[in-house]
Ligand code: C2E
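The chain that follows stands alone, in the form predicted alone, written as structure tokens.
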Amino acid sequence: MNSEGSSKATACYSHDREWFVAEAAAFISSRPKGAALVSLDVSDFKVVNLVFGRRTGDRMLRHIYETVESFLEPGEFLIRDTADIFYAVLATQDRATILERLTAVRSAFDAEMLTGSAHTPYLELRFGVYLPENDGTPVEKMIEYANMARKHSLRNLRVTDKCFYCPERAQHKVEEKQRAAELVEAMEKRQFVVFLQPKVNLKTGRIAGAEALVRWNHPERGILAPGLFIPLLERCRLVHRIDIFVFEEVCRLLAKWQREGRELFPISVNLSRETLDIPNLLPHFKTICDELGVPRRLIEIEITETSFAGSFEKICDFVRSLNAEGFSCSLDDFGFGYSSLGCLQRLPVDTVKLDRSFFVGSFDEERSRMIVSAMTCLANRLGLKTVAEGIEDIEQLDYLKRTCCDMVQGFVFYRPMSAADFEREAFSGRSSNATDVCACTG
């Protein structure tokens, strides 16, 4: 850098955003070949202050500033705005050149992180780039676009084209936020309802429990399946609100049956990985059950095996706490992904749900049937109940009857249904006939 650029860059380490906006506006308008506005931050920087202390955090921010500054060319400038966010203006709009320069910044910074001491936190830089079009867009709006590009860029080992602002991608994000807001409004208006899919006892042919599933009773589109809204809730970190809603609705339903003198069935409630991280989750569950007078043993918490990634011991502790407070727990999707026989050895669950992948495609092969039979027998010897989910045809059902499997859940008996429909089926006193049910439910 020349001395003028260096003095400007050094002077604007402080939070002088007004200065930066004025300088950027003048610089961009004076460049016939255009310029680029870069937004930069550090992934998970707040962890640095928590773990290493604010003094180390401040030292790292100064070091980031100096590293980026060292790659600036004459006339270009940089500020640290707030917290760990930095902005720079580059004298080029050539995408390849910008990617090359940002890659060099990141590589230099990564090299120092990897060779640092044990007391040096590893930090990862993220970039977003907006290319002004000299169309009168205010600099503050350019900053907003660069920030959007940074937030949308993927965290990986390379700086890619994804760090450039893309109007289409930005519009998609805006629309996604609008849909998320619609979902929040739907929660407040209690448009979500609980459906129940019965679990049938293979020995008696009668309903012996159910899994609670959520549906959106959309005012215009009718009943919507969870695949149309759960992924968005997960991305927006709102899925815990649905999980807790379903738990509370199940408790109210069981309390209603209890007041009516009905037979009470255990009902399983799914909890996402996000929900498991909520502080005081279990005390809240206990309070709801106790206030409504619902026996805790009737609530079965379903935990999918994908929740274990990186936190198996934490999940084990949570399940032990559930058991200690009188709740039961089932391991969902067993046999898919992370789960193993070692998981059954250490995880104190009450029920194992065999993943539906065991029963599609290759189930007619002897090898697949032997695996299912062995797993149900092993679970039985461990004192665990087994549920086969996703069962859709009579051949699968006939084979499961010859194993140690306890219950079946799937279209071969029942599709998910409203609470009112479940009551009619469950309290009729008749056994389920797979052939008849398949015929009447389609």
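None of these values were measured; they are calculated from a predicted model. For every residue, the number given is its place in the sequence shown, counted from 1.
The following text describes the form predicted together with this ligand, which does not appear among the structures shown.
This chain is displayed alone, yet in the predicted bound form one of E76, D84, D333, E300 has a heavy atom within 4.5 Å of this ligand; that residue is D333. Of the listed positions (S272, N147, S328, N201), a single one reaches within 4.5 angstroms of this ligand by any non-hydrogen atom in the predicted bound form, namely S272. Only one segment in the set 411-419, 369-377, 51-59, 26-34 has any non-hydrogen atom within 4.5 angstroms of this ligand in the predicted bound form, and it is 411-419.
Not one of I267, C404 and E425 comes within 4.5 Å of this ligand in the predicted bound form, counting any heavy atom.
Taking the partner from elsewhere, D243 is found to have a heavy atom lying within 4.5 Å of this ligand in the predicted bound form. When this ligand is considered in the predicted bound form, K162 lies well away from it, no heavy atom lying within 4.5 Å. In the predicted bound form, I230 approaches this ligand with a heavy atom inside 4.5 Å.
Though the partner is left out of this view, L400 does not reach within 4.5 Å of this ligand in the predicted bound form, counting heavy atoms only. Residues from 370-406 that approach this ligand in the predicted bound form with a non-hydrogen atom closer than or equal to 4.5 Å are E389, G390, I391, E392, in the order they occur in the chain.
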